[in-house]
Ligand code: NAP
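Form predicted alone, single chain, as structure tokens, below.
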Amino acid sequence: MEHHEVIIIGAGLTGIAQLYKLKEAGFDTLVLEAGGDLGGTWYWNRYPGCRFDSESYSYGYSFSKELLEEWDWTEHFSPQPENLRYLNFVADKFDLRAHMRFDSKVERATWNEDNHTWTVRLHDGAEFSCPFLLTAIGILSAAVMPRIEGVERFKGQSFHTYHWPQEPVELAGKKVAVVGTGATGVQLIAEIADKVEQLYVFQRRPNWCAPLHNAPITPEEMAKIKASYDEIFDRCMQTAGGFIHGSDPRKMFDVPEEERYAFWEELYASPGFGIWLGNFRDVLMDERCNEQFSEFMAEKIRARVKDPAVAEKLIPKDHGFGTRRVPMETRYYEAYNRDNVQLIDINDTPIETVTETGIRTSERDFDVDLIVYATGFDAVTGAFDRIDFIGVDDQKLRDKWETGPITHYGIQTHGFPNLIMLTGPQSGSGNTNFGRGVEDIVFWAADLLVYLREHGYTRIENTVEAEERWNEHVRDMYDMLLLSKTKSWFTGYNSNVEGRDTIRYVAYNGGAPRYRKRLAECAAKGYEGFVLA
């Protein structure tokens, strides 16, 4: 059996960064990746329109001045092909690929208390062992299909957006159905509306969407960005979400109405998440404030969609702006002004079945050439549930987390020693600019492993009391925000997954600075809350 000091599951943004830090520290590290190559999210999600909604230069790695100087972003919000090229560039520059094994889907990981090691078994039967097992499996990597009868019956081409084929998909002259209008569906629909013969959009719950305002980055702009990286990353360190956008601390109703609306118009015309994260703080905390801003956004939708009936179907009625993830869009609402695009509200006319030729609702049949399921993910914990993690006394992780995850800092859970979760539930990365959040935990985890090595420790496990304290804190942070009252992946809901119909505390809403401070204090106190042996 092949043995390594550290095994990382996943070669996406997180796994690549962690491998870099551990290679730098001299650890014998192997990365096991289910895909045919590195890239994670940016390897799998190849659907048209897929791109960053973080500013490119705020998302990329900060750990190498040389890398920052050498890489040029071409757009303010970089598209998937460029993002994948970037990660390959990083891996090649630092000779990381040699430490990766592709087409290596992990099926099971079993803890051995006798020798303080994990045994990792792949889908093809290959086995590896290591003292320390690190998960970099992503928070949106367990794609889920809708629970619709007959999905396998369709004779044409069909797939989930996460599994968009690597080979070109012919869209011209095709009748296409897209099921879902979440963040992925919004990007896809806007991108293909003018390329297909007919587009049928099947919507269950509309989302509040805001303009991305993407643009190319000129060579002059890129030069200014490179000269400002220290300031950019410092700004990201200061904001709750790890973005360049920080909330306005003024009380919304303390600002005169005319000034308030002028501010909102400015945000609406600005690029990126400013309209969500740079707004008045109490828009996300106070229902009266949220209602007023939601109506401002509703009027924007009505102004952009010509058919009033269609516009009303695109305006959410079950949640306020920003209480679910805000999809960033480019000409999304204008797509519904096209003669070849039809919106089908499946609340009014439910999907009854998928047929051999298309989708049947209670009203009629829609015959299509291609069905794309933009139906999201079993977020945060789903990727963990798809691997058999077997800890102390043969306890399975999915059983422990059946009613919701319980962790210490989102990094460990009691009963699973030496299992370090880099983007685990309740960690700081899930609710931040992912590139920035990932570095916080990757740097901390590397320091932890160096500390264990220097002190001769072979086992680390958090205490039950520590994870109980952290879970209470996580719940308190939910109570501060309106999102705790909204059904979304932030609160663990997913109607396409059985058992995901009650709130699950999967995210950390206390903000990146607070999370980073907690981690630093933990390390300074000899890793308080963990038992080292």
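Keep in mind the model is a prediction, meaning the values are calculated, not measured. Quick note: we count residues from 1 along the sequence shown, nothing fancier.
What follows is about the form predicted together with the ligand, which we do not show.
Judged by heavy atoms within 4.5 Å of the ligand in the model of the complex, the contact stretch among the candidates 174 to 182, 253 to 261, 359 to 367, 122 to 130 is 174 to 182. By the criterion of a heavy atom within 4.5 Å, residue 204 is counted among the residues contacting the ligand in the model of the complex. Proximity of residue 376 to the ligand in the model of the complex falls within the 4.5 Å heavy atom cutoff. Contact between residue 224 and the ligand in the model of the complex is not found at the 4.5 Å heavy atom cutoff.
Contact annotation for residue 140: at least one heavy atom lies within 4.5 Å of the ligand in the model of the complex. This chain lacks the partner; the member of 346, 84, 169, 196 within 4.5 angstroms of the ligand in the model of the complex by a non-hydrogen atom is 346.
In terms of contact with the ligand in the model of the complex, the residue from 489, 470, 57, 43 that brings a heavy atom within 4.5 Å is 489. Contacts of stretch 27 to 53 with the ligand in the model of the complex, defined by any heavy atom lying within 4.5 Å, are made by 47, 51, 52, 53, listed in sequence order.
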